[in-house]
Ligand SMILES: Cc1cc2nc3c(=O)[nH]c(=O)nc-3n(C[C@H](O)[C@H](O)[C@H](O)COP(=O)(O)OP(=O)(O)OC[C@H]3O[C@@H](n4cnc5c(N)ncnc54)[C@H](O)[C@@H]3O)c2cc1C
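The chain below stands alone, shown as structure tokens; this is the form predicted on its own.
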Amino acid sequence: MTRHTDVVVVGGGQAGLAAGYHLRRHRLDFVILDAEAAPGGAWQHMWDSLHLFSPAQYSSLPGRLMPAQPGETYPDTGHVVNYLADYEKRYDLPIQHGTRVDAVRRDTDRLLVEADSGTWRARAVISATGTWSRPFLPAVPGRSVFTGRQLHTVNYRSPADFAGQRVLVVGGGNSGAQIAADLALDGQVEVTWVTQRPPRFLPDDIDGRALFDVATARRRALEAGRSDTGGVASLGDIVAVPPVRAARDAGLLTAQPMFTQLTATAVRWADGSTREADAVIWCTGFRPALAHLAPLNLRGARGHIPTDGTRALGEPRLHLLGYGDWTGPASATLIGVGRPARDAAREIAALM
């Protein structure tokens, strides 16, 4: 069965919800197709101890402030999931959970969105699938011969899964630092933290509020034709959230350089030194989940689709939202996705 609508939003996480909010304000007919069985997007799959970088009031989607979590300055993921679920209900967003989109194709004056529940013909599509479903694993020599456990950030839950084990955490970003700190502070795990370059901690007083201000200042500078300020990347790579500070200050978070090879039971560095390991946790980032857009043949350098703001240059009926700075400054954050979502909805309304 083929159904018709003005806009199909692919993905019902934070970016999809922000898009829905603004599409409704333009009184457009739309549907949100989400592969997740329940509300909350990727937040429902995060590790147990994860908290936001920012207080609740600085972590909100358009139209509704996130309420504070009692007893917590920085809300945990359960609080975020509850907020997103409430947001769906509050704005009565037309979300179909448990619906996987397989392909988006051109069809004369419409785009065809092929899902496992049927096909939609739409005048525009917003892709908001994020990156969580596409974890990246580097091609390190020996990775296929290592007999211990290997997992990615997406699979990590808590230190209890590694009690009494020797664990290597690979990655110098926020996930790597936070998971290494989580394991080290537990005291039951022997942790080695490995990074490609020396870790760069942001100043301890920097949290998501300041990061959003820095990203906004960069966007305004670029829009005004001034020189690039460097944005958040100019400050460092790791937000020193309380557990990271605690582990760092206790001497539990000292990074080792990247090893050159995995063996059956250990890792080996360039100088020939080795370390036995029972598990390796790859905190090595993600790639945008864009397989459903392959029929449009829009991919450019680094797997990205070239855009002007959120609009795909090769297909003006397609907008991409929430994948990172290339689809809007800070667009992969709760507070940052509101502005590009508003811009996308406005452009689509004009197209209609």
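These figures come from a predicted structure and were not determined experimentally. Residue numbers run from 1 along the displayed sequence.
From this point on, the text means the form predicted in complex with the named molecule, which you will not see here.
Of the residues given (V31, M46, I305, L296), M46 alone sits with a heavy atom within 4.5 Å of the named molecule in the predicted complex. Not displayed here, the named molecule is approached by V10 to within 4.5 Å at the level of heavy atoms in the predicted complex. Within this chain, T195 is remote from the site of the named molecule in the predicted complex, having no heavy atom within 4.5 Å. Contact annotation: V169 falls outside 4.5 Å of the named molecule in the predicted complex, judged by heavy atom distances.
By the criterion of a heavy atom within 4.5 Å, A180 is excluded from the residues contacting the named molecule in the predicted complex. Every residue in the set E36, L52 and A332 has a non-hydrogen atom no more than 4.5 Å from the named molecule in the predicted complex. Note that among 129 to 137, 155 to 163, 187 to 195, 246 to 254, the stretch whose heavy atoms approach the named molecule to within 4.5 Å in the predicted complex is 129 to 137. Residues from 96 to 123 that approach the named molecule in the predicted complex with a non-hydrogen atom closer than or equal to 4.5 Å are T99, R100, V101, in the order they occur in the chain.
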